[in-house]
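Shown here is one chain on its own, the form predicted on its own, set out as structure tokens.
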């Protein structure tokens, strides 16, 4: 393999529960983030850095394991796929976790204006927690396509009272923001996670701030900003490009002093992605386990679901949202970010029982 060629494995033939454990014990499969998931075959992908040429071969797990014995990059990738993920923000990742979306905004694409008043937002956050959300993600700035930036002060005024009230109730709160000042104030108010759609690239102070605060962070893939991102949705290979760009974001975060065990990644469904891109990322989500980090999937009510199902209203896309969340969980997503918490929690419980 040439020195400028990068190697990936896209897991296929996924198994869950007892089937996964049995196949692993018999040497017929390879582990995926621990022993509750496994895969029986995978696409071995090579991409030449100089020419961009991509080659793919579907190989059984046994052959992948044999090849890894004398191919160090393959051994490293398989090890990252296999390693169990540590707890994130105090939450064990031995089962799927639900993050409830709480937009304290007038213009978010689905629920803008519904929870713009602090008291209504707090009440909704408490209802989501009661219904099964283990993280409440509070955001004060819409990042829908074309959304305009809001000032630091306006964002602070929207989110801080809500974060403070929910944290006082003992809930695990994440702050959905791109701004270092908001991150700092929200953590002071009780937020335990920073969730940044720009992967800490929007604000020059963001990486240093998260490193100083020492809190877990979610790095999402996006190109450009909300008002420019859809013009940047051109990829050589969306799956490999998102993997590599997330890998770069993680490297920058760690170089800034953020502990790797404090990082979760998110492929950014809908952000600088067209419908075909979103489907490819959802279908082959398991590739991103090759980063060796916990994985968040966030596609609730998004536009591509409406495009496929001909459902125009975002808040009427429950069935489609549950379908893609189920697909993500089958691929081993550790956390899902959703609007419809009771229905998602019910589905997760059933999937766990079936698996």
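Everything quoted here is computed from the prediction, not taken from an experiment. Residue numbers count along the first chain shown, from 1.
The same protein also exists as the form predicted together with a small molecule; that form is not shown, yet it is the one meant from here on.
Checked against the small molecule in the predicted complex, the residues 291, 329, 68, 314 give one hit for a heavy atom within 4.5 Å, which is 314.
Each of 143, 195 and 339 places at least one heavy atom within 4.5 Å of the small molecule in the predicted complex. Proximity to the small molecule in the predicted complex, taken as heavy atoms within 4.5 Å, picks out 268 to 276 from the listed stretches 183 to 191, 268 to 276, 200 to 208, 81 to 89. In the predicted complex, no heavy atom of residue 285 sits within 4.5 Å of the small molecule. Proximity of residue 33 to the small molecule in the predicted complex falls outside the 4.5 Å heavy atom cutoff. Residue 324 falls outside the set of residues with a heavy atom inside 4.5 Å of the small molecule in the predicted complex. Proximity of residue 176 to the small molecule in the predicted complex: non-hydrogen atoms within 4.5 Å are present.
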